[in-house]
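Presented below, as structure tokens, is a lone chain in the form predicted on its own.
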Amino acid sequence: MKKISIIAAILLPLLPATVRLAEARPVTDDMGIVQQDDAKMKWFEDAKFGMFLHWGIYSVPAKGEWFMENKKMSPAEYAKFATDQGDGVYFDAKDFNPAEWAKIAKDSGIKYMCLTSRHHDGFALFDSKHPNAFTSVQTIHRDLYAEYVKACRAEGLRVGLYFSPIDWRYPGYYDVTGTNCVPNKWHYQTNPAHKENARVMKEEVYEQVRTLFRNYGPFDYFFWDGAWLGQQGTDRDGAFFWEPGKYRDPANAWPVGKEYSDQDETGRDLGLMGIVRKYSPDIVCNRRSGWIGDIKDEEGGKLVTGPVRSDYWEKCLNLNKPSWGYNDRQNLMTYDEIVRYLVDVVMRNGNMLLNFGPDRHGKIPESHAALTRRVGAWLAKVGDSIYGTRGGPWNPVDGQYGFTCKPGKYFVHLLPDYAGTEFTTPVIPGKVTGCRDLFTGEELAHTVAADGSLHITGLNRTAHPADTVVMITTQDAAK
């Protein structure tokens, strides 16, 4: 990190956050590689709210997406969830209507969607031609991913893709060298044959990433998940095997056959992210590939705290708290919790990716949809304070209040723990021309102090207790 002068250290916190962020935006990622340009990130920064969807054959047992590993099920036994075994209980997708999913997203104020193309069990929702592929096209004769992509685009939503290279069907995943099998639920032991097994697993990943980006893209957003090996270490620790960068090493010990590879214009073999960016050059990617990425992701239900952040980042969490995949145990977030997370994230300059888990028929439970549609109704009134804003220009106070802004407007977000019906802002640049409650539309009494701060009275804390939003307009644009 560059050193700054004492004077700069004193003045920097006083500058509008949007100015600070432009100046502080890192030019390299944490691996020292030049980051993608800011221009392509604008849609992502403006969108603020995304829909995550975990859907696969794990929705049949309805105990979450890690069911196969948790229950130590053999690949053959687990695969039975994909076809009718005579009891009619299988992944039939009979109610899958992606247009309905997209409509739920739109009604909920969501701007982009991201569906699992395959999870750690190796089951793919698209048409893969690799000999080991296990897909919905094989089992129910439907290319579910093609239907999803079409529905997203028809609703004008940004199209996101999730892909995991982990595959529990392969013993080689736990023993890529064939010399050191790590502990696993299936009690696989070290075996020299596992090196070739791992190579075939890698080959399938290359074929499927190439297929997705050639045939279904371009995509706007990519959530890569699980580049670590044997479920140990970090994503970067697995980079020697997966070769996630722009190019592959011709001498790599786990080569990928030409029939499953992709190349640049010179014929050089591309690595995984090389393939991704070849077909979707403007895609916004997380950093879980083990190579360069555009955004940091923060996973789970931990509350978001601290100052406005300078990185591009996203919070992903579950609407139904037990798991990402469909779970018959219901423990839904409350409406107030969803609003709280969204506001806490946005006023720290991030996005929120809220996960839904459709059932085995492809249905998002109505109770889930009804809950997020309430959020959409709220956003229809206060969306100006969320979409297209940047966090700040002043740091939030955890649990109490925070700020968002855009040219000519400053928004104060008062959370339930903030007591009282009055609020005094920091010094506001420019001449104040208006102050009102964004949810009710009521004008608010206010006075401008000699130092330029604004004292607001008569706040309505009961109309929408989860977040009271005050909009302050100014003659001069917010910087």
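One rule holds for the numbers: they count along the sequence shown, beginning at 1. All of these numbers come straight from a predicted model, not from anything done at the bench.
Quick note: we don't show the form predicted together with ligand GLC, though the next part is all about it.
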Open item on the list: Just to confirm the contact call: exactly one of 268 to 276, 113 to 121, 344 to 352, 249 to 257 touches ligand GLC in the predicted bound form at a 4.5 Å heavy atom cutoff, so which is it?
Closed with: 113 to 121
Open item on the list: Would you classify H446 as touching ligand GLC in the predicted bound form, given a 4.5 Å non-hydrogen atom cut-off?
Closed with: no
Open item on the list: Can you tell me whether D225 touches ligand GLC? I mean in the predicted bound form, with a 4.5 angstroms heavy atom cut-off.
Closed with: yes
TODO: Spell out, yes or no, whether the shortest heavy atom distance between H194 and ligand GLC in the predicted bound form is within 4.5 Å.
DONE: no
Open item on the list: With the partner left out here, check for me: in the predicted bound form, does some heavy atom of R288 sit within 4.5 Å of ligand GLC?
Closed with: yes
Task: Of A133, M73, C181, C316, the one that lies within 4.5 Å of ligand GLC in the predicted bound form (heavy atoms) - done: C316
- [ ] Would you mind picking the one in W66, F423, W43, F439 that has a heavy atom within 4.5 Å of ligand GLC in the predicted bound form?
- [x] W66
Task: Residues of 139 to 172 having any heavy atom within 4.5 Å of ligand GLC in the predicted bound form, listed in sequence order - done: Y162
